[in-house]
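In the form predicted alone, a lone chain appears below as structure tokens.
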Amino acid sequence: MSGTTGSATINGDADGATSTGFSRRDTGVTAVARRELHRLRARRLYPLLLLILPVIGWGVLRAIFGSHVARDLPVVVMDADGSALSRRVVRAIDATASVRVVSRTSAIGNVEQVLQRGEAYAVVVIPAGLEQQTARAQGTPILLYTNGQWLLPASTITRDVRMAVGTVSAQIEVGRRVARGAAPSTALVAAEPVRTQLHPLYNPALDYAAYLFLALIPTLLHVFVLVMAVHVVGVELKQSTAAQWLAAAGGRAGIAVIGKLLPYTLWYALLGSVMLEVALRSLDLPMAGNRPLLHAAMLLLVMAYQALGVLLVALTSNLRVATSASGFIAGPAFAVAGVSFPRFAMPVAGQLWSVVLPLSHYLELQTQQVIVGASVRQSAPLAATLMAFVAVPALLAVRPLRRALRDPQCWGRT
């Protein structure tokens, strides 16, 4: 369905006035921005998208990742041995930061049902005869069952349980060698003659706040930026006010878009930078790189998704369809951005989808600057890519947007 109201053509005349009665002196970026600020104050939806929901989302994420690492993940222990050694193993497991033994039983029940009922993320099974077989130097495995569907808890518990059991095992072996007369230092080396020394770089504490919280801030924000850009541009077509909007810009579509989006560009860039800075400072996270470059990249990210929003409206001339398309683009963006799942392990289609999203490149640049401490020169190609994401959609939108703003057949669609 299409509307037929409003003026179809906005043209400047020789003496500097437009056909809608606007003087050249009353048109331009500033005039459009003033008009947009007036519209902003009149709409109850806008404060939600501009401030309330982004801040609530940030606060929820801040609360989730405030502890930095996953702690006290519930684990059930089935101890069929009931010996001093098995109790020592349980104490060592319970002493790790990530694990909390919530239940201990001697009955070997159905492990799968324990995990299915959600009583614990993992079950540790200590078999009968552990102490006796260990005393005879016969290896007896302690079984660990984890719910692989919960990948993060499963990997964390596996790491810490393996470390706890390995420590107890090494202590037993060292004690045995010392009892046979070996020096403690020699016994320690002999107990584990070949060992691995792990040196995690850039996030040595394996801090989930540095790993996920910082990445989720721009991920959260880009959804609001895209939806807001689509709405403020598309609503002019839906409500058949495109002629007035274009008139305020002196009939120039580019000026109309710049003036309309400018208040939102500045606001979202400022909001994103403040969210990052507060996160860094309140959680004592490192900032190893260049702050001005990081904040400039945030500005480019905002502009890139605004340009994409304008392109969606220009191509569809329909607010509802453009909003649906923005949800399709922004919704799964984090899943293919290469943070939670390696981009190089994705199929070709997934890699291509990741590459064409500005968020992927911004997150890579943010990681380089915040965590890795890369130089400005090393991050320059990513900044240039973000600039391209601003320019290319804007150029592609020029012709269809100009037509949509001037053609009444494109107005009033629902």
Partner chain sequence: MTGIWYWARQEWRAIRRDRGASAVLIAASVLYALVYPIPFLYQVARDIGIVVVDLDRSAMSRQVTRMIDAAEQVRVHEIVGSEREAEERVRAGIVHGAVVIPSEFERHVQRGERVIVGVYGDASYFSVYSQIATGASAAIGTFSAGVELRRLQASGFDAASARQARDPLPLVVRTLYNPVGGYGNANVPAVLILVLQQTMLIGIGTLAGGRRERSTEILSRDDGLTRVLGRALVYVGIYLVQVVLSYFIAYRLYGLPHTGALPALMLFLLPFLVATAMLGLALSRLFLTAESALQALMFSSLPAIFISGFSFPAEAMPVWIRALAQLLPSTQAIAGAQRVVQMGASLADVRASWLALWGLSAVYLLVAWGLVARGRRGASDPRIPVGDVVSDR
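Numbering follows the first chain given and starts at 1. All figures in this text were calculated on a predicted structure; none of them were measured in a lab.
If you look for the form predicted in complex with its partner chain, you will not find it shown, but the lines that follow are about it.
Partner contact region in the model of the complex: 214 to 222, out of 303 to 311, 250 to 258, 214 to 222, 279 to 287, criterion any non-hydrogen atom within 4.5 Å of its partner chain.
Although the partner is absent here, residue 385 lies well away from its partner chain in the model of the complex, with no heavy atom inside 4.5 Å. Put simply, residue 43 is close to its partner chain in the model of the complex: some heavy atom of it is within 4.5 Å. Taking non-hydrogen atoms only, residue 327 approaches its partner chain to within 4.5 angstroms in the model of the complex. With a 4.5 Å cutoff on heavy atoms, residue 92 does not count as touching its partner chain in the model of the complex; it lies far away.
Shown without its partner, this chain lists 270, 178, 206, 97 as candidates; in the model of the complex, only 206 has a non-hydrogen atom within 4.5 angstroms of its partner chain. The single contact residue among 134, 316, 265, 83, judged by any heavy atom lying within 4.5 Å of its partner chain in the model of the complex, is 134. Residues of 145 to 175 placing a heavy atom within 4.5 Å of its partner chain in the model of the complex, in sequence order: 145, 146, 147, 148, 149, 150, 151, 152, 153, 158, 161, 162, 165, 168, 169, 172, 173.
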